Structure formats: structure tokens, C-alpha cells
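First comes one chain, alone, set out as C-alpha cells in the form predicted on its own.
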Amino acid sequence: MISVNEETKVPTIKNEETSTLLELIDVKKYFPIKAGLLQKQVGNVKAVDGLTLKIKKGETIGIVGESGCGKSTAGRTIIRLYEPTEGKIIFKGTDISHLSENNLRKTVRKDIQMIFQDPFATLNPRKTLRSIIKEPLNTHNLYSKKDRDEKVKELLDTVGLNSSFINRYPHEFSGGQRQRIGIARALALKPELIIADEAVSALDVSIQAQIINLMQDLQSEFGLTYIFISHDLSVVRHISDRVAVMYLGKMMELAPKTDLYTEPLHPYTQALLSAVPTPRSRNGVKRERIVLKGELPSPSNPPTGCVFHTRCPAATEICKQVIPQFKEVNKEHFVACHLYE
């Protein structure tokens, strides 16, 4: 059923599944390839190629895959830092895929925030913590000018930083502390969904654990929903409820974390998990290492059929010709593979 938001005149889809916060329907993001003196388009880089996914309120979904698989592009497309090429991004029943910047600001900018990989690169070195964290409050005109400083101090306390640091600059903090500043800035507008793009990959292992624990505490306290993008399968297993595996812009497998880590169905997922350092499996036998041969194909010219068939040790003729359907094979366990059985 479709209604219209009277304030923004944006069509709203009434979703009967009230627990669904975000739904992606065949989302694609292609970057044009241009060549020649006139910069004529000669092709596309298919960074995200048909992403379909539902995310429930309060859950954490991890997105994993090797570099170049499109996971970071997917996160930036969801938050509309990149304009989607095709498909629908439905947030709280509203299709935000092609909203104008003005309507985005009115409807969802406050509700979706992002934590980036490199906190130092995303914090203005010329501004104090007061200015950095207060900026979104100023932009959306929240609280009185007098109360904004108090809100900044409250946010610093929430993420485990001393409120007396309010007049310090980013270079005066360690990497872990800078990431806490980034989290405080993301929390300033009381969002419902936070996209964490490799949020702990640049940190020491001990600091990673502190940030992950902080994020879980904040999720419990504020009822947050996370999309956690990472190449580290161990971290994803610790924080996620469900895990999506991407390869060359497409989703290969999606399952609750226990199912995915104990019984992966897709050969690519099996290869990724075999690379995780573990001394022994549960039955005392060391897990066999699966080494993928060849290089990751170019997203500007992906293979026909299953995009993974050029590196898959079990590929057959059908894999080279027919695109596998992404379908549910067990309860909440989806896979795109002709040979999953």
C-alpha cells in the first residue's frame, strides 16, 4: 500500500513487516568508464550488481568479502553518498533511492549515519572536538546554542572520552580515541541505522576489541541497527547476527552467523573461512586450506554465468553459462550456487 508524506510529498510504502528497517531491492551501482578526447562512455565498472537484502530493526548484519568485491560501495550507496544506478533503497517504508538532497535531509539524513575506516582522514584537523561533534547539531538546528555544548560533552562521556577534551584537536588523540570521536559524531543525531565501513581495521587488536564492545553497548542502550562492513571474518563473527558474503558486486551467500560459519554452502564462503587462522576445528582436525587460483576478474568485464566460476574449484559447464539464482535453501540461509548441495 502506498501513501504520500504530506511534508515532503515523497511516496511511502507501508511495509507490513514492521520489524524491517531497511530493504534493498536489486540495487546496482555502476561507475562509467570514459575514454577519448570527448570522454565518451565506453563501459561500466559494476561495483554493486543486484544487491537484495532486508535488515531488521536492532540487528547487526556483517558484509564480508575480499578487496574489490563492492562491500564499501554498497554501504556508501545505501547512505546515498553514491547515487544508485538501479534498484530501490527502502528505509522505514520510504523509497529513498532517488530523493533530492533537500528531501533526504528532511526525511532520513538524521536516521542513517556512517563510521569510516580512517578516523583521522574524516576529522577536520583545524577544528576542535566541540566544532566537529556539534556540526551535525548545527546543520539540523537541534537544541539551543547553549545546550549544544552540553550535548557534545554528554556524547564524549557516552563513548568513553573525558568531556574536558572538548577543546582539543584530532591530532592530540590516538587512533582508537579518534574512532570514538567518529562514533560520537555519528550518534549526535540519534540515528536508527549506522553503517560501519571497516571501522576497526586500522586499529590494534586490543583497541579493536574495545571499539567492538563499545558499539555493542551503544546498540543495547540506543536500539541501534548496524551494517558492519569488514574483511576480518573473526570480527564479523563476534559482532554480527547475520553475515552476507559478496564477490564481484554480487551477493554469494547470506545466513545467520552460526549457520554460515559452521556450514558454509558456497565455495567462495568456504574458501574465505578456510583462510581464518584457527589451530584446530571442533573435532580436533585442522581445517583444510582452500587456495583460490587466479586473480579477481575485472568488475568492468565480469565473467558470464556465475561470476565466481573462473576461480571455483567445483565449477561445471552450467556455472559458465547460467547465472545462479539467489535463493533460500534452509531457513534464512540464502545462496547463489548451482552446486550448493
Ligand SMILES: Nc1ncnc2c1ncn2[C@@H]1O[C@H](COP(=O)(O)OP(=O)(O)O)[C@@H](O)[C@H]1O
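Numbers for residues come from their place in the sequence shown, where the first is 1. Note that the structure is predicted; figures quoted are calculated from it, not measured.
Not pictured, yet referred to below: the form predicted together with this ligand.
Put simply, Y143 is far from this ligand in the predicted bound form: not one heavy atom of it is within 4.5 Å.
Shown alone here, L272 lies farther than 4.5 Å from this ligand in the predicted bound form, counting heavy atoms only. Mapping the unseen interface onto this chain, Y261 falls outside it, with no heavy atom inside 4.5 Å of this ligand in the predicted bound form. Remark: N301 does not count among the residues lining this ligand in the predicted bound form, judged by a heavy atom distance of 4.5 Å or less. In summary, among the residues C312, L53, A47, V307, the only one with a non-hydrogen atom within 4.5 Å of this ligand in the predicted bound form is A47.
Checked against this ligand in the predicted bound form, the candidates S240, T73, T225, Q208 yield a single residue with a heavy atom inside 4.5 Å, and that residue is T73. Taking a 4.5 Å heavy atom cutoff to this ligand in the predicted bound form, the contacting residues in 57-82 are E66, S67, G68, C69, G70, K71, S72, T73, Y82.
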